[in-house]
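Before any questions on how it binds or moves, here is one chain, the form predicted on its own, in structure tokens.
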């Protein structure tokens, strides 16, 4: 592990040269990264196809274009973000001046997952670089082709002390977590997130945890069921359901449940045909371990659609489960696969109580044309984010912070929020030597009462 220790030391030494604090340097690196993403587009798609069976269009939209959008927006806006922010100064400190400086933390570690192995490695790195940090990415070993490509792209084109990729499995990750970093950004499961937080506590290292959870999707009787079915099917079965903000389960109002079930079955045939194994537009499960975990959830389930599996090809068909309940195995943990349980509701207060009894999800979706109902759901539930009438939409905006709450994570990023996540807001107040108010110095007996009156007036 000495090579890992050496690499981390190299990162700290590079950061201490002060090069990364130069805005022009940061922009040059981001422009280089933008060109690399464009130049390697085909290779990125090929790696994602090998790792997850991702269709090229899906890879471009959700991984490549997402990263390019972040890069374009950051390059456009970061000159304003890095400027010291002038704020008001209390009268007591007149004629002082107050500013907030956004300074980099230092050496940043980004631990990325396997489900969007390119996007979720590079997107946080954009914010870290824009803020002036040196960056190490530790990609998931499960998406090995993409990890190798990331290593090639980054390590061959950037100074290793500034921006690099470190490969390895659990042993290497455990060793890296034992080292001192100035910030850790982790995307993955809640269980592993707890391990990351414990490790970071040893060095009092601040963290952002982008986790997951069972994101509910609520449908009421006013929803356009045809559009609703299309949007839910697209969001759920994108990347074969292996998306942290995918609709995890459906809560549909009982009066429209049967109609919704027929709509979504029809939509899935339109999307992937009668044999989704042959569809060029449908992905695969990452590996056998996750395949086996998911297929166990189908035992004794009421399968309304799909359910076909092929272990050799890591294939599980888009699957809808009817008559699901909270006692079912599929409702005990985040599914993270192409299985969609459907429950029904008929009382909105009970519906909200059922959702609020569970850990806070990363996302919540509501399909309705009833503004009062939508407002009630938003105000009386807690989640990392909410999208109304279209799942996933909130995650794609550079103007909105993306992150979890409670068990679904802490901290956020995207757009300017990435820059702020990887920056320390340093308070700076400047004052002159004169005037120098003598009333603040001892002895206080002479001016105690007078000073209190002055403070009350100016406060």
Ligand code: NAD
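Numbering follows the first chain given and starts at 1. All values reported here derive from a predicted model rather than from experimental measurement.
Although it is not shown, the form predicted in complex with this ligand is what the next lines describe.
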(message) Is it the case in the predicted bound form that 125, 157 and 160 each bring at least one heavy atom within 4.5 Å of this ligand?
(response) no
(message) For the interface check, one of 165-173, 248-256, 68-76, 302-310 should have non-hydrogen atoms within 4.5 Å of this ligand in the predicted bound form; which one?
(response) 165-173
(request) Counting non-hydrogen atoms within 4.5 angstroms of this ligand in the predicted bound form, say which of 121, 362, 320, 219 makes the cut. (result) 362
(message) Give me the residue from 277, 195, 378, 227 that has a heavy atom within 4.5 Å of this ligand in the predicted bound form.
(response) 195
(request) Consider residue 231 of the chain shown here, and say whether it contacts this ligand in the predicted bound form, taking contact as heavy atoms within 4.5 Å. (result) no
(message) Is residue 177 part of the interface with this ligand in the predicted bound form - any heavy atom within 4.5 Å?
(response) yes
(request) Spell out, yes or no, whether the shortest heavy atom distance between residue 105 and this ligand in the predicted bound form is within 4.5 Å. (result) no
(message) Since only the chain is shown here, I'm wondering whether residue 208 would be in contact with this ligand in the predicted bound form (any heavy atom pair within 4.5 Å).
(response) no
(request) Taking this ligand as it sits in the predicted bound form, which residues of 57-76 have a non-hydrogen atom within 4.5 Å of it? Please list them. (result) none
